[in-house]
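Take a look at this one chain, the form predicted on its own, written out in structure tokens.
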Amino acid sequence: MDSVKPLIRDEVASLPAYNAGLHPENLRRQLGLARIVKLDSNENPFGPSPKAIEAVKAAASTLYRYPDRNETALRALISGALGVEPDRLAFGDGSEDLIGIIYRMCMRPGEVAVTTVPSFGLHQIWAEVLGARALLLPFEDGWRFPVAAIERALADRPRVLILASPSNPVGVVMTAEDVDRVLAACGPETLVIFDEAYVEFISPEARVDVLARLTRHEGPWIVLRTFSKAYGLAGLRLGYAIARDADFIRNLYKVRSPFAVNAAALAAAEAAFADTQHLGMVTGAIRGLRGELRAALMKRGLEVAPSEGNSLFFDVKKDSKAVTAALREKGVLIKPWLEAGYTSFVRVSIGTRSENEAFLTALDAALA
């Protein structure tokens, strides 16, 4: 008699669990602490635009209706701001949702997705779910993007090249030369995905208009952005994509669930996107606090990667899980990095000044 195949596919059973941040309420109840400093999920410590909060309240009375499947008002706002045709935009339940949809659209078993390491876990995980393979290329010394290694990998015509700039977790950005070299090496078989979840935090002097450079690229490409970080809407889950052509978006919407973006998220995003004053306040404050916190960590003799995101990645020279556990006992949450070769590294989100000070105090005790 033939043996029964396992219900769960091998590709799924062998996956690592996603390294998610902890919910502060659970920890507060567990430890009996009055205050939890949550710096493990790259959230916006200043919160969303007050106009976004009011928009959610106003939307509450019509929540018995399905949301606008075509995201008409938000689509028009973003299209006008970016100067792209509305039918080249897609929206999803966070940019993570869009990564999964795009991989399911394009990747076949045995194909390859090229990305960097350390990296956002879903860039690798979604490939492995589908029976494809992720080729992980380490950053060069000084946390420079491994452009030469990417060029060599592209010679084999992988199905996907996915790069985050600013990188998560490292925080570094690609230079204009980096982007141009990578695009020049890409053949038409390779879908180029730029994950720009943290793009709003980049300092003006470090900013590269990747979208403008992509418009000159003849192969397929897509850019991912989110409302979870700079716009402070992580709890509502809304991300968007800009594609090279409308045909890609039409096919994406065949794979996406019919009403992937809820009505409250749409209302909040429309208000948040229009409130450029609040966005400027948030990103300016984060850039300033990022510089202060990096200087404080380096003063302690720690190796800290340069960052243009809303977090810092650094080496504690110890098991990162032990260090983060010690901080957790003091009510401070940061993320241990679990990828092979980087298990002595941690990532800390930029908080308010008082949150950053509480983190530094807890870190000093943990490292002592």
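All figures in this text were calculated on a predicted structure; none of them were measured in a lab. Heads up: residue numbers just count along the shown sequence, starting at 1.
Same protein, other form: the form predicted in complex with a small molecule, not shown, and the subject of what follows.
Asks: In the predicted complex, does every one of Pro24, Arg28 and Arg328 come within 4.5 Å of the small molecule, counting any heavy atom?
Replies: Not one of the three qualifies.
Asks: Considering only heavy atoms, tell me if Thr226 and the small molecule come within 4.5 Å of each other in the predicted complex.
Replies: Yes, Thr226 lies within 4.5 Å of the small molecule in the predicted complex.
Asks: Does Ile102 make contact with the small molecule in the predicted complex, using a 4.5 Å heavy atom cut-off?
Replies: Contact with the small molecule, no.
Asks: Taking heavy atoms and a 4.5 Å cut-off, does Phe248 contact the small molecule in the predicted complex?
Replies: Although the small molecule is absent here, Phe248 would stay clear of it in the predicted complex, with no heavy atoms inside 4.5 Å.
Asks: Tell me, yes or no, whether Arg237 is in contact with the small molecule in the predicted complex, where a contact means a heavy atom of each within 4.5 Å.
Replies: Contact check for Arg237: yes, within 4.5 Å of the small molecule in the predicted complex.
Asks: Counting non-hydrogen atoms within 4.5 angstroms of the small molecule in the predicted complex, say which of Glu200, Glu96, Glu71, Glu270 makes the cut.
Replies: Residue within 4.5 Å of the partner: Glu96.
Asks: Taking the small molecule in the predicted complex as the reference, which of Thr190, Gln124, Asn168, Thr283 has a non-hydrogen atom within 4.5 Å?
Replies: Checking each option against the small molecule in the predicted complex, the one that comes within 4.5 Å is Asn168.
Asks: Pick from 87-95, 103-111, 204-212, 288-296: which stretch has non-hydrogen atoms within 4.5 Å of the small molecule in the predicted complex?
Replies: Stretch 87-95 is the one.
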